[in-house]
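First, one chain by itself in structure tokens, the form predicted alone.
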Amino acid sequence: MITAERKPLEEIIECIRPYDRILLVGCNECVTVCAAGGRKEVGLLASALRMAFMKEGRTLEITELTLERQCDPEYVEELVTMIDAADAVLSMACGCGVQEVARRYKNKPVYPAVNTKFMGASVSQGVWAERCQGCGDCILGLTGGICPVARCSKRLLNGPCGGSTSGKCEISDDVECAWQLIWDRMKELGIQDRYEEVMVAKDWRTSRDGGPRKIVREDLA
């Protein structure tokens, strides 16, 4: 899932300071799972903003709404009945959702209330870790289901590097060496002979390095 963290309250306040009427929109997908922008977080942020403006002697009118998804035009269309009553939109979705709202409602300023972080997975309660960088050419079938692109600090396709010590990455003892994890996984599966197979250089044109990407399904278009 896409993970995110709420921006500092002070930063959000500065973004919306010129306005009196705000449409605060949450998202019921990824940011809800990582407790950054769901219905509960919308309510908490709305209360914090009202109190902050009240301390300044101002009244901030906030309309709260949580869409099923903000990255989908079908759901963003639901804002059409209330968009005119707002001076600006404050989105608690990931960057994709913010951009879709801005694309649909071109005459309204749209501000992000969260910082989009990475595609990750839940490690434990309240902890998420990066697991995928969307490189566009998945090699998990060759590495035992562990991604060296996202989990190796150097994105090595043939590792480990000389900085790995006792299964830890040289950048921090808190970071596991991705290639140690790959080796351990291959050993568990009994396919450790694949470890010695040299992977060819990756075609990074399938990643963000090749510019903005698009998926076209002609059977659905």
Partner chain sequence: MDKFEPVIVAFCCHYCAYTAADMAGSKRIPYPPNVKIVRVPCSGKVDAIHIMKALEKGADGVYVAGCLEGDCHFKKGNLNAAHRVEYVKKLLDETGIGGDRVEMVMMSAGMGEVFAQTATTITEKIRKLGPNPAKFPSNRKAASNE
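This one's a predicted model, so the numbers in the text were calculated from it and none came from an experiment. Residue numbers count along the first chain shown, from 1.
Keep in mind that the form predicted together with the partner chain is not shown, yet the notes after this line are about it.
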{"property": "Contact test, all of R6, L44 and R50, partner the partner chain in the predicted complex, heavy atom 4.5 Å", "result": "yes"}
{"property": "Touches the partner chain in the predicted complex: K40 (any heavy atom, 4.5 Å)", "result": "yes"}
{"property": "Distance check, S172 to the partner chain in the predicted complex, heavy atom within 4.5 Å", "result": "no"}
{"property": "Exercise: M54 in contact with the partner chain in the predicted complex, heavy atom 4.5 Å", "result": "yes"}
{"property": "The partner chain contact at R58 in the predicted complex, heavy atom, 4.5 Å", "result": "yes"}
